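The chain below stands alone and is given in structure tokens; this is the form predicted alone.
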Amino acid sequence: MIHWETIVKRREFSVLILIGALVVVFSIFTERFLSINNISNLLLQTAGIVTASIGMTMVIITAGIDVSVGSTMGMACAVSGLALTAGLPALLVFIVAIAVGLIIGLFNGALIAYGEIPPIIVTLGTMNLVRALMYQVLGGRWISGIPPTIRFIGLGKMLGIPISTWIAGFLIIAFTYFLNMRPLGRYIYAVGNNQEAARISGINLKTTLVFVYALTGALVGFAGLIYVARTGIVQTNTGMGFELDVIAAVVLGGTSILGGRGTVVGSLLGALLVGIIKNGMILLNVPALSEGLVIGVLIIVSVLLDLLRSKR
């Protein structure tokens, strides 16, 4: 039996209604919004955010945060771009991009879990450190003329849908199963709900925290590969602001900043919401700075609603 009352009360349902309302509004004010090309572009642009938001969802479920994902993505783009121009095979570039993100994520996780330093401090430091290293790696220059070795990941389609969207969809299904059905997935919720209770029940807090930050880094590394495959260039500012989009997607999708609650399906809907807002505003010729304003306001409203709900 379907419990409609329970479904309607979920954040995911509210986000779905908001997405539907925005689609109606944007399709009224701009004819191009519902065109096949625009929908395809929208899916291509959100695939990286969806992929990275899976890891960020787990980080925030543990009551943490990772603001270094933009710099991590930029570094993964820079290294994979250099590897491609050096002629490395696609499989090796794939491994390198994920490894770059994984190493940065492990660094974050180790400092947070074993150094007991607040996540915002660690990842804020990493954000600036990695950005500076990326500038050194690139030597202040762009990478262009990247060979089309991996372009199929960013621009290829299957049944009319971008391959990167298929991959993001597969990851959503796989990590929904992982969070709900596997012991480590349930440990992540337990750590976010009450760390002391989780520790007493035998859960290894440090291992769990290192895992979620390392996984986030690896997924962000893959999102960087998708970006390089789609655009074919790497700039010194690649990835700047990406963290805002990813955190917005996760928070708007219903993951509690207080920890212990959230789903990757909600983050998928949040990513689509962010993508639709940005895409629609571009089509309406709204100044780019206004995008950040709208996303920022939505994040604050979502967090306030979350805090009010926690006090009931």
Partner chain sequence: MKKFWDFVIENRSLFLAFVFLGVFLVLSVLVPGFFTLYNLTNMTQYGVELGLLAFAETMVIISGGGGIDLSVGSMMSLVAIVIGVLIGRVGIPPLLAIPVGLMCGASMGLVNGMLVSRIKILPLIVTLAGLYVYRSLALIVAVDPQFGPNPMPVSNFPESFYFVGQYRIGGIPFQVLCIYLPVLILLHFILTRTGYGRKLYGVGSNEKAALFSGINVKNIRLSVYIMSGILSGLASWIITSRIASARPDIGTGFELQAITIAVLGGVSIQGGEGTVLGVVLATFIITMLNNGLQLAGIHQIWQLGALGVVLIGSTLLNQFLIKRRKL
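Positions refer to the first chain, counted from 1. None of the values given here were measured: they were computed from a predicted structure. The term rigid core refers to the maximal set of C-alpha atoms that superpose within 1.5 Å between the two forms.
Beyond the structure shown, there is the form predicted together with its partner chain, which is absent from this document and is the topic of what follows.
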property: Output flag, G115, P118 and I121 jointly within 4.5 Å of its partner chain in the predicted complex, heavy atom basis; result: yes
property: Interface stretch in the predicted complex with its partner chain - options 251 to 259, 23 to 31, 37 to 45, 51 to 59, non-hydrogen atom within 4.5 Å; result: 251 to 259
property: Residue contact check: L179 to its partner chain in the predicted complex, 4.5 Å heavy atom; result: no
property: Partner contact for L111 in the predicted complex: its partner chain, 4.5 angstroms, heavy atom; result: yes
property: is_contact(I277, its partner chain) in the predicted complex, heavy atom dist at most 4.5 Å; result: no
property: S201: touches its partner chain in the predicted complex, heavy atom cutoff 4.5 angstroms; result: no
property: The single option of I161, L129, A174, L205 touching its partner chain in the predicted complex, heavy atom within 4.5 Å; result: L129
property: Residues of stretch 279 to 302 in contact with its partner chain in the predicted complex (4.5 Å, non-hydrogen atom); result: L289, S290, E291, G292, L293, I295, G296, V297, I299, I300
property: V286 C-alpha moves between the shown form and the other one by 2 Å or more, core aligned; result: yes
property: Threshold 2 Å Cα movement between the shown form and the other one for L16, core superposed; result: no
